[in-house]
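Just the one chain here, the form predicted on its own, laid out as structure tokens.
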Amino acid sequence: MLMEDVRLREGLRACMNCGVCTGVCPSAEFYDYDPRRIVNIIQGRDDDQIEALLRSETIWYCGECMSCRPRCPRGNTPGYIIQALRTLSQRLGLFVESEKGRQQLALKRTIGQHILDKGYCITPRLVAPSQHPEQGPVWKWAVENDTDFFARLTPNYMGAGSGAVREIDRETISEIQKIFEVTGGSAFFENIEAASDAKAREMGFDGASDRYMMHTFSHNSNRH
């Protein structure tokens, strides 16, 4: 199933386990994370070890900075391998077995849904101060005064016309939604919802409610 993903075929050629990818990886500095070991597991094709990765926190530590790509002496891209593992974990519903994996629901309902509704991954109004206190008081002011503030940077902020952060017309939004349907993106999103709902009930929530989503967004066990 992993080999069906072009990112794995492109990202894994002939690893010699030199460890350069781990040596340059920013995430390896802060987490118990070793891209070299992950590549070694994939090369070994041990189904049990691969499934353990799909259920683990580990595959969600990668920041996808791709520092590993230009430095590998064999031309591998461990970041691509992580992307392939994440997608398979989502397809099989195994992402809900880890704390960081469960955060995929929050990403789907914010960034994912924003693409379908607005045509953007993110716009200033999506970064709510209540959910992002790390942004500080300046950002709170910017969001509360966004129309005046961003009008200085773009002529049609969230309005009709041209320019950055303009409102995307409904015809284009319909095209984006159609692309999601045809390529399987919509079904993929539905799978995220279904797996999250089942896990939420297992954890004592009333399904994948907003309360459960906020729990995945804000809860940190401090174990990793």
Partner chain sequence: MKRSSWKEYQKEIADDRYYYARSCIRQNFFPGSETTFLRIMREALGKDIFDDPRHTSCTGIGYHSDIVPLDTTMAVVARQFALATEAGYENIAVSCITSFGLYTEILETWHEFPETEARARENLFKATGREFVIPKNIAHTSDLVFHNREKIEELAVRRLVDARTGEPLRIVEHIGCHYAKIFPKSGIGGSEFPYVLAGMVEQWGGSVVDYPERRHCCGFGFRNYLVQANRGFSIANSRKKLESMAPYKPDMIVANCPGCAMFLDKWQYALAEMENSTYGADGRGIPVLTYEEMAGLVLGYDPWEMGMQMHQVDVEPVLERLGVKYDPAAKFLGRAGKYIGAPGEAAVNSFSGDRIYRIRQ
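Think of the rigid core as the biggest set of C-alphas that the two forms share within 1.5 Å after superposition. Everything quoted here is computed from the prediction, not taken from an experiment. Residue numbers count along the first chain shown, from 1.
The form predicted in complex with its partner chain exists for this protein as well; it is not shown, and the discussion that follows is about that form.
The contact with its partner chain in the predicted complex, taken as any heavy atom within 4.5 Å, belongs to Asp169 out of Glu51, Asp32, Glu193, Asp169. For Ile115, a non-hydrogen atom is located within 4.5 Å of its partner chain in the predicted complex, even though that partner is not displayed. A residue is said to contact a partner when one of its heavy atoms sits within 4.5 Å of a partner heavy atom; Gly44 fails this definition for its partner chain in the predicted complex, lying far away. In the predicted complex, its partner chain sits within 4.5 Å of a heavy atom belonging to Glu10. Although the partner is absent here, Gln104 lies within 4.5 Å of its partner chain in the predicted complex, judged by heavy atoms. Contact here is defined as any heavy atom lying within 4.5 Å of its partner chain in the predicted complex, and by that definition each of Val6, Cys65 and Thr183 is a contact residue. Using a 4.5 Å cut-off on any heavy atom, the residues of 76-93 that reach its partner chain in the predicted complex are, in sequence order, Tyr80, Gln83, Arg86, Gln90, Arg91.
Relative to the superposed rigid core, Pro137 undergoes a CA displacement of at least 2 Å between this form and the one not shown.
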